[in-house]
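Coming up is one lone chain in structure tokens, specifically the form predicted on its own.
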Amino acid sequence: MSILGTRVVRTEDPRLLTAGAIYLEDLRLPELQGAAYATFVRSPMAHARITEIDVSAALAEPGVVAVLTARDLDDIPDQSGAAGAEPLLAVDVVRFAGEPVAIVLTEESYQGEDAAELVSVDYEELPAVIGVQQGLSDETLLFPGSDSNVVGKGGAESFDDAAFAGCEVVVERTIVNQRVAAAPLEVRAAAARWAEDRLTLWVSTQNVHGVRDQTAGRLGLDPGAVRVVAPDVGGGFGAKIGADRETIVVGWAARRLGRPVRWVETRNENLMGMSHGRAQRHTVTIGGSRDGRVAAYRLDIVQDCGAYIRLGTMLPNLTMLMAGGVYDLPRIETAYRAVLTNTTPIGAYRGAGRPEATAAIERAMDLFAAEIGMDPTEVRRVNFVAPDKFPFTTKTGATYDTGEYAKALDTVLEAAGYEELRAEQRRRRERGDPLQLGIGVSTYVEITGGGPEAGETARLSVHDDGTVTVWTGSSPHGQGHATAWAMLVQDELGIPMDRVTVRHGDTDVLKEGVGTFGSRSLQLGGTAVHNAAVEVKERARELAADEMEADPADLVLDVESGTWTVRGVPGQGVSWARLAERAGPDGLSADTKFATNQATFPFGAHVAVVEVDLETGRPRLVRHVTVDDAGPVLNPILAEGQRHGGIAQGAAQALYEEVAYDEYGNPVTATLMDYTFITAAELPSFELVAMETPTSANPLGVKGIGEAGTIGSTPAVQSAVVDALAHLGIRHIDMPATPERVWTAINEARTAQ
């Protein structure tokens, strides 16, 4: 009986939830003895010219080892570059509040903050560019050598005015998909040591190999001269992909000083300096007939990149690719502009471009349904891609592998009791209840994995004591790889999970790898482990045949006992330990890389139920029911954990979270007192409904699940808030639907009546 699909409790949790875990600040390695502590001097201004930096007062402080600025970066490749290129330390101009200007190195960590305050930086303030509208105006350029703040364009060069000709109904609306913070439990941190002209960098990261290559590139080194190690990592959500400038500076400073350097940022620094997510403005136009059939959809995206490009031109491309969602639409037009502003740079954040696409098309469907007076679920149903059309290539070029969109919607509606919810909504409206009910529905498809350069690696070795070690290029930051990969080994080799050790996060142990992001790990990293197990199994078959003087075709692996026997000859067998010993010094092992051009397209449907207090404007999520179909489930506990976290994060964007700046570019949400981080107290127990549609893109038939909950929940919750107020004539409220924003919409609607 296969272990796959069973509810195996996470094996790593006892260590992670007690003192057994080693996060970066916990590292007490001999190599880091005598390390200096790094503190960054950060700009208090959003946009200013640096006229002078005086470090003398700081250098005179007790314990200060060095204070280094961009002028000291003279032993690495030129840091200047094209518009949007990001220096390691600010050169002449700062472009967002929180940008690192200098690094202070001290004997003790507590000495750094006081010394950093004594670094005197003279700024000549420049006009701040805040928000995409101001950025697009080009009145103030972030990079004066360029002629525009727009650093990227894509999609249609111009929209076709005739696209909506013949439509009975056309609706257009501008929608804000607001800027949010990743806010992982463990903030950014790094430690560095040089020995024999080689840098070892310990980083809290999602992908050690990416950090290695980026660090080597920025410091002008061969990648082989850099080793990157990730200990336990306390969350990333996309914001820990790659090497941040601070991480690279820590590595450089260790060489400059000739001693190790450690750095851990504060929560305030994290909220200002770690890349933010989303930050897109959408103008959606949707048109069709009054029977609900959509004829044309247009999505015009403006991406706020922040002060430097980073992923600011990649994310809207993903949004355009997935613009059509789960719908078979005759015509789709998309375009984007990426614009620089004096705010923290934008990077990947749970879903990275796909939640934005879903939010736009789902809001558009709701607006269209409201305009023609049709139930939003019916509008979706008549426009779904039919099951017999897969593989289905969209108008934006995505080829969906498999999908059962109507089935997912029907399943979640039945589980939620949709008709009864609508009946309860009518009753509350009829009696003028101050607590109104809103029902939000979203359906979604996302893209995960795929691309030959985006494969994943694994090595599997069976040792002569019968234990197994798995090395994976897909290092986790909370996903449960140790449990999942051990289950794959037990399933294929019959070696119990408790005899399987999973290693990850060291570029010297596994030279090639990609990492954990984009819901890619199981379908790529897991498949690599599975394939390695299959290779080892076939090698073992040959060894067992020699050992037992039998034909390899007659050898059978009893996965219950983990022994090889000759078919039809019970009672005799050979163990994995014996085969590993027989394999000799090279061991019984396999190295694999699994890559595929074929991405997978998980999908699902969500129903959110909210209550909105008409007197205060406060919305409260009271139920959330979902179908998230990512193919066969390896371990329901792991999958449900991913769904729970994703739903919470999506609901948080819909109701609470927003990174905000004032007109001068000062961040006003730079602490967790101001940034409304969601907690379990604000959430109901989620109702998860199972559905599995396998893919042929990998031998496990699996798709990604890590971001599904976020992608489906955000528009469902937002829609539920709007739906609660639909009888007042309200059609849209931008996220987050804060009590103030909802209360304002209610009062404007009442005033207009």
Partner chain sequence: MTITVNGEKTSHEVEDRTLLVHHLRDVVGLTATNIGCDTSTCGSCTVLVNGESVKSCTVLAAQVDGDEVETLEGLAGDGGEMDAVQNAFQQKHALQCGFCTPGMVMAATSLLRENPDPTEEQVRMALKGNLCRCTGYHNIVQAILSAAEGIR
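Residue numbers count along the first chain shown, from 1. Bear in mind that the values here come from a model prediction, so they are computed numbers and not experimental data.
One more form of this protein exists, namely the form predicted in complex with its partner chain; it is left out here, but the text below deals with it.
Here is the short version: of A162, A423, M673, A386, the single residue with a heavy atom within 4.5 Å of its partner chain in the predicted bound form is M673.
Though its partner chain is absent from this view, in the predicted bound form it lies within 4.5 Å of a heavy atom of just one residue from S696, S56, S685, Q33, which is S685. Its partner chain is not drawn, but in the predicted bound form it has no heavy atom within 4.5 Å of E52. Taking non-hydrogen atoms only, Y23 approaches its partner chain to within 4.5 angstroms in the predicted bound form. Although the partner is absent here, F677 is a contact residue: one of its heavy atoms lies within 4.5 angstroms of its partner chain in the predicted bound form. Although the partner is absent here, R188 is not a contact residue: none of its heavy atoms lies within 4.5 angstroms of its partner chain in the predicted bound form. Between 472 to 480, 571 to 579, 391 to 399, 332 to 340, the stretch whose residues reach within 4.5 angstroms of its partner chain in the predicted bound form through a non-hydrogen atom is 472 to 480. Contacts between stretch 719 to 738 and its partner chain, counted in the predicted bound form as any heavy atom lying within 4.5 Å, involve no residue at all.
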